[in-house]
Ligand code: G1P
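What follows is a single chain, given as C-alpha cells, in the form predicted on its own.
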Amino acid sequence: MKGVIPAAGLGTRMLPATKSQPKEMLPVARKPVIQYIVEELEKAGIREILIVTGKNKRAIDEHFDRDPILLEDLRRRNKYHQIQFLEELENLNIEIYYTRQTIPTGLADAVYKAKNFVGDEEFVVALGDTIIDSANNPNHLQRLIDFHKNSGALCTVSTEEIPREHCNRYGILDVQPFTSSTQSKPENSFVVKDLVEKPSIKEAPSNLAICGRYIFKPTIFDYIDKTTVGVGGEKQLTDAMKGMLEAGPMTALQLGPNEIRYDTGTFPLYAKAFIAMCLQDEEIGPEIKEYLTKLNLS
C-alpha cells in the first residue's frame, strides 16, 4: 500500500508556536512529530508516502531532504552521535512525495489531493499530528493493514476508548463485535454501524474514537466528491465515510496493549507526548525522570 499524511492544517490551537513553523515539525523528544509517523509507516512496509502540505510547510520538505554538507561537517568535527540520528533518518527505506492543499478546506479535501497518487490501489491515511507508539511487532499499523485485508471492508480505522467528556473532539463510532466463520479475528475488532463527527456527550453513540489511522479503498474519493461543508465549516472526512458506509462494510481495530496514541494538537496533549517520549529515551530519560520526581516532591 501507499501512505498519505495530511499535514496542511494551520495549527491554530498551537499558536504562537505554529505561527511560522508547521505543527507537524514541533519536536517530541529528539524528533519532530511527523518523523515518528513516517517511521511508523516504514515499519509497516509502506515504501511510498505522499505528504499533503500547505502554507508555511516548507520545513517538512527540508527535514526529509538529504543534507550531505551537514553530514560532512559533523564528520569533520567528530560528532558521531549526531551523525547516527541523521543517518537513521536518511536511511529510511521510503520515497516521499509532496502535494499542496492551497486552501485548508478540511481533512476530506486533503485526502482527495492523493487521488492521482494512489490510483486504483487501497491506501493508508495517517494524520500528521498523531503519534501511535507501538512496542509490538508487528506495530499497530501493520496489524490494521492485515485485519483490513482479511475483513473485506471498504474502510478500516483505528480506534480507542476515550473519556466520554472528550467525545466532542473526535469522530465517534457506533460498533458491534466483528465476527467471521472463515478467519481468526483480532481482539477488540469491530464492524462499524455508524460514525458521528464531534458529537455532544449526550449524542455520542459510544466512547470509541477514531484515532488518526485509516485504510481506504479508492472509492472513498467518490464519496468525498459528494461531501458538502460540515462541522467547523470544513469538508469532514467522517461525512464522506458515512456515505461509504452505506455501500459496504467498514471495520475498526482498537489499540491493543503497548499501543499508545499521542495527539499533539493542543498544548496539554503535546506536553504529555513530549514527556512520555523523553522518558523512553535511554540517554535523556533517567535525567528527565529524576527532574520530574523532584518537582513532584516539591
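Keep in mind that what you see is a predicted model, and the values were worked out from it rather than measured. In this text, residue numbers run from 1 along the sequence as written.
Not pictured, yet referred to below: the form predicted in complex with the ligand.
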query: Contact residue in the predicted complex, chosen from Y112, Y214, F147, F190 - any heavy atom within 4.5 Å of the ligand; finding: Y214
query: Contact residue in the predicted complex, chosen from T251, T53, T238, Q35 - any heavy atom within 4.5 Å of the ligand; finding: T238
query: Check all three, L107, K198 and D263, heavy atom within 4.5 Å of the ligand in the predicted complex; finding: yes
query: Contact label in the predicted complex: I210 to the ligand, heavy atom within 4.5 Å; finding: yes
query: Partner proximity in the predicted complex: T130 to the ligand, non-hydrogen atom cutoff 4.5 Å; finding: yes
query: Y170: touches the ligand in the predicted complex, heavy atom cutoff 4.5 angstroms; finding: yes
query: Interface stretch in the predicted complex with the ligand - options 122 to 130, 74 to 82, 139 to 147, 94 to 102, non-hydrogen atom within 4.5 Å; finding: 122 to 130
query: Interface residues of 1 to 26 toward the ligand, as seen in the predicted complex [heavy atoms, 4.5 Å]; finding: R13
